[in-house]
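Presented as structure tokens, the chain that follows is alone, the form predicted alone.
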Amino acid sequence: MEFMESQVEEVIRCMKCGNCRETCPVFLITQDESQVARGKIRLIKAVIDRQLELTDRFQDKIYNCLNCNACVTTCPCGIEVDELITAARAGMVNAGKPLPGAQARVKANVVVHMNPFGEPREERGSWLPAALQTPRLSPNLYHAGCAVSYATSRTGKALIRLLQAIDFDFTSMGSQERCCADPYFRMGEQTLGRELVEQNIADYKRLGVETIFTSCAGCLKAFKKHYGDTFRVLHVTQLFASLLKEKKLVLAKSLPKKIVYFDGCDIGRHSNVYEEPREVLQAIPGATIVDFPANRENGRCCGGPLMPSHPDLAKRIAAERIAEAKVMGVDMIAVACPTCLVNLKEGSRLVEGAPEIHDVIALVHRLAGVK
């Protein structure tokens, strides 16, 4: 059985130092050695050495990972654990190992409906204004993403009203928009992921797109990692920061609140976007902007990627972040990722007196005075 043979050298570089134990959100909750990077790498090596089969238990350990990359920031050897986990998942797929239940459902939903939730594709753009339900030629494309289209469309509506109010030229794929392919790559379905990427690139080129901007951090990561240099890719907060500097966007209303910005993993460690969201928040009149003790590349994951497969664990991880913010005495947690928004709100149910949780886009829309 060929399994990750090209990654053998990377696997054996692990020093078993245990630094990852201090940063892994899953391990900090479960205290299970097999749930931390060091333990997972040991399991992977055992399979490579044919000392362990591709059992369901092994599979569960490999998929029960946030892919948050916190372990990479503390690894003295610089091992790209996220790449090893993804390669292990792809290795199981290539070996014919059926996907676990949650991932199998997500795969089926993306294949049939082009979104991981299984919602009708023809309704994907139903929340958009009529002018944006049909794509047109434009150098700027707004990719809403699956979460915004089906779960947090209020955020997308706020963004669109804001951009239309300042006459920013852009188009949307409407209900023709497909998933960015990130779910495929996360679960190890590399071939399906690459095919979907090529389909999307072809569509965008036909519209003359030069810049893609998105409000979904997972989509941002996918575009940056899997779409090459074909397009300029921005998170909406980066677009906002630029528009604020150019005075095309002005936050006129005051918000005398103490706000902490939450560094999501996909927008942060995976996409290296740290300062622009903070610049946007710092432009809010009257607001005091603070950071978590562990911030930027050291920020702690909200647990969101585990919502489909381990919802209780995801919620407990989120509650840890909420409790930390409460101790800081903040009024509000600002996020720039729909997954973080949903899961942190779930976690807040476990914390009495939890701070408010808001998307940066919704805050900007409200404070810019756009109706």
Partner chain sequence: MQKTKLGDQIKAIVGQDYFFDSYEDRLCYSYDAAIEEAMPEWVAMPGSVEEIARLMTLANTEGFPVYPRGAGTGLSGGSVPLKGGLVMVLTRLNRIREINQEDLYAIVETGVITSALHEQVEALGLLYPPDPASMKVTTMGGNVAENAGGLRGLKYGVTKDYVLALQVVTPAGQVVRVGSKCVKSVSGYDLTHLYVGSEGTLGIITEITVKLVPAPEHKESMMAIFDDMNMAAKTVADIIKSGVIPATLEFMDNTSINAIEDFKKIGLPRDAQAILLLETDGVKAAAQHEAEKIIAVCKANQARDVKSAATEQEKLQIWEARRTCFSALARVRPNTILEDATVPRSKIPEMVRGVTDIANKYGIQIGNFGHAGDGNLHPTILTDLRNTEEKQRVQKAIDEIFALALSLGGTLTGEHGIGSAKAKYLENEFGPEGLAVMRAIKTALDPNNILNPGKIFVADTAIA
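Numbering follows the first chain given and starts at 1. Note that the structure is predicted; figures quoted are calculated from it, not measured.
Unshown form predicted in complex with the partner chain; subsequent notes refer to it.
Q: Hey, with the partner chain in the predicted bound form, do Cys17, Glu22 and Cys77 all fall inside the 4.5 Å heavy atom range?
A: Every listed residue reaches the partner chain in the predicted bound form, so yes.
Q: Heavy atom to heavy atom, is Met332 within 4.5 Å of the partner chain in the predicted bound form?
A: Because no heavy atom of Met332 falls inside 4.5 Å of the partner chain in the predicted bound form, the answer is no.
Q: Leu43 versus the partner chain, in the predicted bound form: is there a non-hydrogen atom within 4.5 Å?
A: Yes, Leu43 lies within 4.5 Å of the partner chain in the predicted bound form.
Q: Does any heavy atom of Asp312 come within 4.5 Å of a heavy atom of the partner chain in the predicted bound form?
A: Output for Asp312 is no: heavy atoms all beyond 4.5 Å of the partner chain.
Q: Would Pro305 count as touching the partner chain in the predicted bound form under a 4.5 Å heavy atom rule?
A: No, Pro305 stays farther than 4.5 Å from the partner chain in the predicted bound form.
Q: Select, from the options 62 to 70, 323 to 331, 338 to 346, 32 to 40, the stretch whose residues sit within 4.5 angstroms of the partner chain in the predicted bound form by heavy atom distance.
A: Of the options, only 32 to 40 has residues within 4.5 Å of the partner.
Q: Judged by heavy atom distances of 4.5 Å or less, which residues of 52 to 73 approach the partner chain in the predicted bound form?
A: Result: Leu52, Thr55, Arg57, Phe58, Lys61, Thr73.
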